[in-house]
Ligand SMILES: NC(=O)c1ccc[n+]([C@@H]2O[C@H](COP(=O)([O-])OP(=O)(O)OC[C@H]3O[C@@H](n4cnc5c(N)ncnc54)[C@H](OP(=O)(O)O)[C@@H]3O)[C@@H](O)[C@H]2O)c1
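What follows is a single chain, given as structure tokens, in the form predicted on its own.
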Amino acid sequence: MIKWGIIGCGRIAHRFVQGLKAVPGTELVSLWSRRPETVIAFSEQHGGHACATVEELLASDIDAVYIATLPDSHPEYCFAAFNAGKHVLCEKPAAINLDILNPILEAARSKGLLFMEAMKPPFFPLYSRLKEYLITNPIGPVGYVRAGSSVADIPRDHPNFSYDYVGGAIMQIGIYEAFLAVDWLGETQQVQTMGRFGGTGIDMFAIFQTLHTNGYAQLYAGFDLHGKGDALICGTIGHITIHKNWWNPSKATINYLDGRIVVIDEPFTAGGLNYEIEHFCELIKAGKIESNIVSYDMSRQMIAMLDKAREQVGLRFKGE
């Protein structure tokens, strides 16, 4: 039985519990948030002990902590969890920038504890099945990725629009696109970015082109336009469309140069976070401190790409 504590009881934490309930051998034990009323309401809805302090949560009988707060507070809670001997699954972006991320990864390694950034797409059944299918039915070397999302209906009181909480399109949406580009094309070598700001000091829309070891990517992220949310992955003898929303993937179409068309349809259950939770729990049981799918290197590469993108549009957060 893997016993969990949750730090932060906002929107994503509710989805996490939905997924946790679908993973056998797990239990929600304790939870804490900066707002006491939120913790109590969450506990009444989902169970688990509502802790008065984060110290109480970390002292409780738990094996792992899911950090569901906003990026500005991730380092504080990661270090506290490591010092308490707890494994950490941390929402993305795991840190504001690479300089802040590196000490988190070093602390996890030195303590011999598992740390993983909660990047969900690669664990969905569709994504896994697609990768497996391409082993025997390749599209040739991948040299181009195009992906993005612009979500125009997010309420304006959402933390995504907060400068203080490290909001903005690049950080909150672009992190997904960074994963896709790095996963298919390899290490980032160059980044070219354009973006525009809103009234709260964060970027409302950004477009960035990237050069990688194996090819090019064109990516976009935004909050004030209505974007499609699919992804295109091109190889020498075929291309893949992961249909919207590609970060919660359930359908992909492969078009081959010889005219073949293959559709892969793989629905997901329980909101989709259950798959990354299951992977994380398997790593704990195996005594691993790093995921082979969302590795330390993957986390470094994703945030390094966003660091370069923000630098080019002139977006710096407090403390940088």
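Sequential numbering from 1, following the sequence displayed. Only a predicted model underlies this, so the values are computations on that prediction, with no experimental measurement involved.
If you look for the form predicted together with this ligand, you will not find it shown, but the lines that follow are about it.
Chemist: Decide yes or no: are R11, S73 and E91 jointly within 4.5 Å of this ligand in the predicted complex, with each residue judged by its heavy atoms?
Modeler: Yes, the whole candidate spot contacts this ligand.
Chemist: Go through 57 to 65, 32 to 40, 282 to 290, 260 to 268 and give me the stretch that gets within 4.5 Å of this ligand in the predicted complex, heavy atoms only.
Modeler: Careful reading of the contacts points to 32 to 40.
Chemist: Under a 4.5 Å heavy atom criterion, is H87 part of the interface with this ligand in the predicted complex?
Modeler: Taking the distances in the predicted complex, the answer for H87 is no, it never comes within 4.5 Å of this ligand.
Chemist: Check R15 for me: does it contact this ligand in the predicted complex (non-hydrogen atoms, 4.5 angstroms)?
Modeler: Because a heavy atom of R15 falls inside 4.5 Å of this ligand in the predicted complex, the answer is yes.
Chemist: Answer with yes or no whether K244 is in contact with this ligand in the predicted complex, where contact means some heavy atom within 4.5 Å.
Modeler: K244: no, not in contact with this ligand in the predicted complex.
Chemist: Are any of the heavy atoms in Q172 no more than 4.5 Å from a heavy atom of this ligand in the predicted complex?
Modeler: Yes.
Chemist: Taking this ligand in the predicted complex as the reference, which of H158, H226, R129, R109 has a non-hydrogen atom within 4.5 Å?
Modeler: By the 4.5 Å heavy-atom cutoff, the listed residue in contact is H158.
Chemist: Just to be sure I understand the contacts: of F205, Y77, Y144, F123, which is the one whose heavy atoms reach within 4.5 angstroms of this ligand in the predicted complex?
Modeler: Among F205, Y77, Y144, F123, a heavy atom within 4.5 Å of this ligand in the predicted complex occurs only for Y77.
Chemist: If you apply a 4.5 angstroms heavy atom cut-off, which residues in 174 to 193 are near this ligand in the predicted complex?
Modeler: Going through 174 to 193 in order - heavy atoms within 4.5 Å of this ligand in the predicted complex - there is one hit, Y176.
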